[in-house]
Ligand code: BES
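Just the one chain here, the form predicted on its own, laid out as structure tokens.
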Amino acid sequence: MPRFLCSLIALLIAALAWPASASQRAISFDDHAIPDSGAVALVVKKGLPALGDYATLDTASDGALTRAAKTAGFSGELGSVLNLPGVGGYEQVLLIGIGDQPLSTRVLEDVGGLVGQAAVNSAAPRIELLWPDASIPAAGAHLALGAALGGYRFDQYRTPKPDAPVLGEGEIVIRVADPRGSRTAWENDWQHVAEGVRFARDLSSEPGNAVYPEIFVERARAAFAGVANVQIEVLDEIQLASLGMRSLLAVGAGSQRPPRLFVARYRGAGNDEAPFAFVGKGITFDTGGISLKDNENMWRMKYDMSGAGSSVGALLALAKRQAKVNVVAVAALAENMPSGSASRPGDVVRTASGKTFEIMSTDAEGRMVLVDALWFVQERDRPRAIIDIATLTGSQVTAVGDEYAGLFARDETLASLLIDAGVASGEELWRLPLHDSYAKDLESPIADLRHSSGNRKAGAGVGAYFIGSWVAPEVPWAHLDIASMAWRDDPALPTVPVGASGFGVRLFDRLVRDHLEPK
């Protein structure tokens, strides 16, 4: 069967089988008040001091809250949760520990996230989150962001069990001192960040037979429908070939599903200002190609397009909240499969820039799609700075675990801004070296470069150095290796349930919000 016909049939099947998004509780805002019944969530400081809403509800229940908490060993430690059904006339009381930390937007988002996670498994149709403190402006919007992120679930392919209780549906009512200001900040700003994260998580969660390059493009087009100041460009395999993007094409050569380059350009600061560029690795499924991976955990390689999902999701959030900045997001999309037409170790590839490299392992494919995408965005958009983001190496996981993504940068200012944005967003980075000695590791006897060193030394750094070889020295550039952060294993974090994390969307939003937008 001709390749184009295979692709057309696959697109039609995917369109017919495209599942509806999982339901998520609606979020609304109201004045701070303590309801007489129902399901409520409230914060408790370390040591269970008799303060605020906790003291009021404890007194109303004749001390039942404190007795239940102490019996359960709950003391209000930061991030702890106690779920109490049927206490003091309430159907459900959620106690959220905030320890003795000073209040911040990060604390608010974590509180909301813990309530959102608990709400997923609650049959209560309405959960009221109480926040009496008015020291942080629009506090309810940050609680709502956390609730939306923590309450995320991906269950499109699960068949409901007959007569099973309905869980996780209804609404979360956030009761704060300034409901109007919180609602405005949520609707005009922070809910769009949540939507960008959800977009990235959904795509990373989808199986490889549901999302591949063409479907990624269709999902992205649908997400941007009607969004102002956004232009979309998509290059198919014929256009990629005409531009000499043989590195991207080489990765997808073994698949019946051809590569794509998806580009979204958002102009929020006029046409005269050069954009910032987010470039994401978009391997919609990675078998390793001819250098076939071991089967253990290969199923997870559906998330190997997380960098692309987060780059596009971040631009979606920025455009919807009408950020005053120009940004271009590039998704380098391919499926890495073994077949008679697949690339081989030892092949030499000429990239769009004219530079050549020798393939050492077809399982080091992420850097192959990125280098053509980086060349493209430099040539077409002349960006002020470039950040690429990729689930690139296992070495990054070994180096810093699942607490940080790896940051590699040649520009000190850009590195500093990214680290600050990571702290503010909760998507933290740890800087790793780009040593000049890595050039020696990439020498090839027959091409300009080898695309990996062929040994296990400094794998994340060598990969970053290879990618940076395609970025002009004068362009501020950073590489984010998010291999350990794109998929969350148990235990969940308050705003990151187990599964696809959407890492990078909040980071990029904070970078723009705190450092790039005019104040």
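Since this is a predicted model, take the numbers as computed values, not measurements. Counting begins at 1, following the sequence as shown.
Beyond what is shown, the protein has a form predicted in complex with the named molecule; the following relates to that form.
Judged against the named molecule in the predicted complex with a 4.5 angstroms heavy atom cut-off, the residues 303, 392 and 483 are in contact without exception. Though the partner is left out of this view, residue 372 does not reach within 4.5 Å of the named molecule in the predicted complex, counting heavy atoms only. With a 4.5 Å cutoff on heavy atoms, residue 293 counts as touching the named molecule in the predicted complex.
Interface residue remark: residue 335 is not counted as part of the site for the named molecule in the predicted complex, having no heavy atom within 4.5 Å.
Put simply, residue 108 is far from the named molecule in the predicted complex: not one heavy atom of it is within 4.5 Å. None of 94, 139, 364, 317 but one reaches within 4.5 angstroms of the named molecule in the predicted complex through a heavy atom, and that residue is 364. Just one of 286, 427, 128, 206 comes within 4.5 Å of the named molecule in the predicted complex, counting any heavy atom, and that one is 286. None of 278-286, 77-85, 208-216, 437-445 except one has non-hydrogen atoms within 4.5 angstroms of the named molecule in the predicted complex; the exception is 278-286.
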